[in-house]
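Only one chain is shown below, in structure tokens, and it's the form predicted alone.
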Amino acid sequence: MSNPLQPLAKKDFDYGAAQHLLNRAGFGGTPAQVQALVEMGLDDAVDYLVDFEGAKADAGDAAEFRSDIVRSETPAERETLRRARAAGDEETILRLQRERQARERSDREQLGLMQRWWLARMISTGRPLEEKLTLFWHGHFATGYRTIENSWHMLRQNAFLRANAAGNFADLVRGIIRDPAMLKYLDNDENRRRSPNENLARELMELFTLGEGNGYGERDIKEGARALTGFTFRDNDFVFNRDEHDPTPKTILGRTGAFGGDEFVSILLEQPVASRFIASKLYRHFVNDAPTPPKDAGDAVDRLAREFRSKRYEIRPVLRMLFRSRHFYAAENRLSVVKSPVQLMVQAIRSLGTPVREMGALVQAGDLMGQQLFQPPSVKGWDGGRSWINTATMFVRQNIVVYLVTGRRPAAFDWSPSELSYDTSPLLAHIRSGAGSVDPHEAVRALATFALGGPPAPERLAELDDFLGGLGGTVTEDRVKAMLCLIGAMPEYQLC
């Protein structure tokens, strides 16, 4: 059997391959950016995306967010409340309740600002793989604001995932068991030696490292929960409460010792199934999420898992191997991943060069399409793949492209037209004649091929030719926008 992860021949790294890489290892790019990757060549293009530390990071500074909106009551507040209750002072009790409710409203408002901030960062970043991986790990180590009710903890977790996005998976796992948002979300702040809470230990095995039912049992979960006793937080910081930790021996997956949280993680990552579980999730995210995987998928995942283990869970070598492989660029793995709502919006802006429009509208649209940042639906994260597509989400998916291209929003959502103009000329610059004219048929082919990420079916080209002909035939700014709106409504546009 040939090795599907053998490097792609350098001569085969053409424009289509470069666009495929940029779409999958990020959120797409303009025709000029795709061409720049072609000129770099396969190895340098992959290194440029994977070794992203030297590139410009983001837009906006998270330091503008407040860390003290949600806080513990001060001793003075507790004493005031105690006295008010003892005296039956309902007015003071009500005042303190209103102050707490005002802080809760402020925190929800800050969460909304954070959603806009992160989406803006994904749109403007010079490190697309960093943000793509941060979003991936957000869905893997899923926590939601409605349970945590602390926007600063969500932001801290987001920063931790970004800082370790392409680093070492073991560091990610050891960090997540100390993360206040995760500790709250899975009730580990209630995990005490005399009454162990199993939630974090269960999900650590089932969803974060081994996969459901992969070689562990209920006893392993119970023993793992004991290893995590005392892992809690106070205000914004992790705290190890030694008095609540169970120091007695535990037996986890055949190993016995007075294990704590770090030893528990080490035991999990010693299991061969762990590297394969994470490799399979990376494969599904970056290569192919079809219900029926391609014939070489199993072999490719096995080889990625071996690379993962041999590199002691370093993520970059696995990504570098994957993005250079001929399997990654194979025809059956192009246009085989359903765009998440975030991918759909951010890729449209970054590749088509549309205005960003109104960030709040994009966040709202993402929610309507099933992806609300900082609020995955459960600890399992988003199912992804075909689950993104249904009759309700398709309506929004099509209309968000119209909004980005034209600025016009569906009246049903009380949206008003945007005044931001959109210059489509860079999309056709490479086929424009010296006199400035563009052949209509060539314009149709160029727009469809670029927007769809690959050669469209002949019937699609015929439909677009007929559509342009019905508009008058010549290529104008408004007609290019109209064609982009039509392309954005095609089933193929939902894939990358």
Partner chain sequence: MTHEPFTRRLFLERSLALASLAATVPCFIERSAMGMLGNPLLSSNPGVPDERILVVIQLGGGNDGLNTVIPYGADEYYRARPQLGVRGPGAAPQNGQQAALELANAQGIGLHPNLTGLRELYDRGALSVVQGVGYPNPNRSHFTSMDIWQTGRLDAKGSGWIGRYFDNTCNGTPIPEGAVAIGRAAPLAMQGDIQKPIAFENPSLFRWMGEDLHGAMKDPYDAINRAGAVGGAAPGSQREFLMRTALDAQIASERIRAAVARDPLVQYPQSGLARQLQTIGAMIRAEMPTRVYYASMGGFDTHAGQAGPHANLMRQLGDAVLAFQRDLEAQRNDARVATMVFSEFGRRVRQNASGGTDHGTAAPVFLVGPALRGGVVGNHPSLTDLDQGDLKYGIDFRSVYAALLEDWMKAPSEKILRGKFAKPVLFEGSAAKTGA
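Quick caveat: nothing in here was measured; it's all calculated off a predicted structure. Residue numbers count along the first chain shown, from 1.
One more form of this protein, predicted in complex with the partner chain, exists but is not displayed; see below.
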item: Partner contact for Val342 in the predicted bound form: the partner chain, 4.5 angstroms, heavy atom; value: no
item: The partner chain contact in the predicted bound form: Ala76, any heavy atom under 4.5 Å; value: no
item: In the predicted bound form, Arg460 touching the partner chain (heavy atom, 4.5 Å); value: yes
item: Non-hydrogen atom contact Arg255 with the partner chain in the predicted bound form at 4.5 angstroms; value: no
item: Contact test, all of Pro291, Leu486 and Pro491, partner the partner chain in the predicted bound form, heavy atom 4.5 Å; value: yes
item: Location of the partner chain contact in the predicted bound form, chosen stretch of 127-135, 100-108, 318-326, 274-282 [non-hydrogen atom, 4.5 Å]; value: 100-108
item: Residue (of Asp466, Glu64, Glu53, Asp44) lying close to the partner chain in the predicted bound form, criterion heavy atoms within 4.5 Å; value: Asp466
item: The unique member of Ile123, Val402, Leu269, Ala225 whose heavy atoms fall within 4.5 Å of the partner chain in the predicted bound form; value: Val402
